[in-house]
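Shown below, as structure tokens, is a lone chain in the form predicted on its own; questions about how it binds or moves come after it.
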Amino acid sequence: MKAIVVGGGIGGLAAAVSLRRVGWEVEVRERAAAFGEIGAGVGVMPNAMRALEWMGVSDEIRRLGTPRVSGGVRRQDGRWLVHLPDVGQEKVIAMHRADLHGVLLRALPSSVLFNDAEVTRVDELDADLVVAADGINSRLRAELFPEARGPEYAGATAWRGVAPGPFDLPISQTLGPGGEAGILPLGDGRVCWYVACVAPADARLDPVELFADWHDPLPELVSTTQDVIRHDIYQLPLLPTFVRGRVALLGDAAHAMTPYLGQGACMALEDAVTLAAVGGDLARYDAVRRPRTRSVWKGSRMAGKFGIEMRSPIALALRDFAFRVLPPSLAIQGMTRFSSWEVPQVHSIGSNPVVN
């Protein structure tokens, strides 16, 4: 059986690695001139680590990443709202997106990788399975689902970068009126960071000015980073199915979501492993993945409403009070609600595979 994966990002490469693991012949077609990944940091959550373990690449992820055992949520002035010094995050791996992409790329032979290979139509592809992993602006999704709405602006814009350091910082998220920030330390003293604020699309804004009065070291991180990436935040409306014919949508092409739970890349890794675990059975892939990603998509939107989108002083005070009185055990439950996924197991009853 042959699969062609359209898109050479994290989701596409993970699909190729996973399908090869269960015996598929695979090609990866990337329209860019070279395989690579832009961006800053990524938190490899426990659910994503289970997917990477199934792919057989988790040892290299742990070697390159930085396990963190402390973190929490702060106010704009730096006061901790939730602080988890040694529980709840011991399995989160902090790493640069390019390093995660590189691990997956090295797990594939060069003979299956084709760059400068733009795909615009499904009928161009001679394969039993086509995996559309070509991102939020997927051309294949637009072809197969012409009735579906395209990406929608989620009302906020974000900046990301890697500050040179050296710094010794915990993982943290900071919530302020109409804005938020995050810190993801790397093992070599560099820090991946992001800042985001509610704003119109394409607004002319300076993140150094916007976050100048936020707690240290956020102003320093933003101002000392040379290469800063700006992204207006978009999401995809929920689709009624992730499959059509012999095509499976995967990652952002299927369910691009807001970043407020840090689960976007993790969902793509889950998609990839699930597609392989069900043997390329698209009906079962859709049945397993759509409810799961819908839940995370909605959870991320809700996190935005109680996070970056909140600006009323009264609402902010009530939210901060709720954070302060929240028992650590409940905070951990909130974190693990979305990261407790396990790789689906497939067995046979008669001739019909069943997914648990």
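Owing to the predicted nature of the structure, the values given are computational and were not obtained by experimental measurement. Sequential numbering from 1, following the sequence displayed.
Below, we turn to the form predicted together with a small molecule, even though it does not appear here.
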{"item": "Residue contact check: residue 264 to the small molecule in the predicted complex, 4.5 Å heavy atom", "value": "yes"}
{"item": "Residue 160 within 4.5 Å of the small molecule in the predicted complex, heavy atoms", "value": "yes"}
{"item": "Contact test in the predicted complex: residue 231 vs the small molecule, heavy atoms, 4.5 Å", "value": "yes"}
{"item": "4.5 Å heavy atom contact, residue 10 and the small molecule in the predicted complex", "value": "yes"}
{"item": "Segment assignment from 146 to 154, 243 to 251, 218 to 226, 75 to 83: heavy atom within 4.5 Å of the small molecule in the predicted complex", "value": "243 to 251"}
{"item": "Among the candidates 135, 165, 102, 279, the residue which, in the predicted complex, approaches the small molecule to within 4.5 Å (heavy atoms)", "value": "135"}
{"item": "All of 65, 188 and 307 with a heavy atom within 4.5 Å of the small molecule in the predicted complex", "value": "no"}
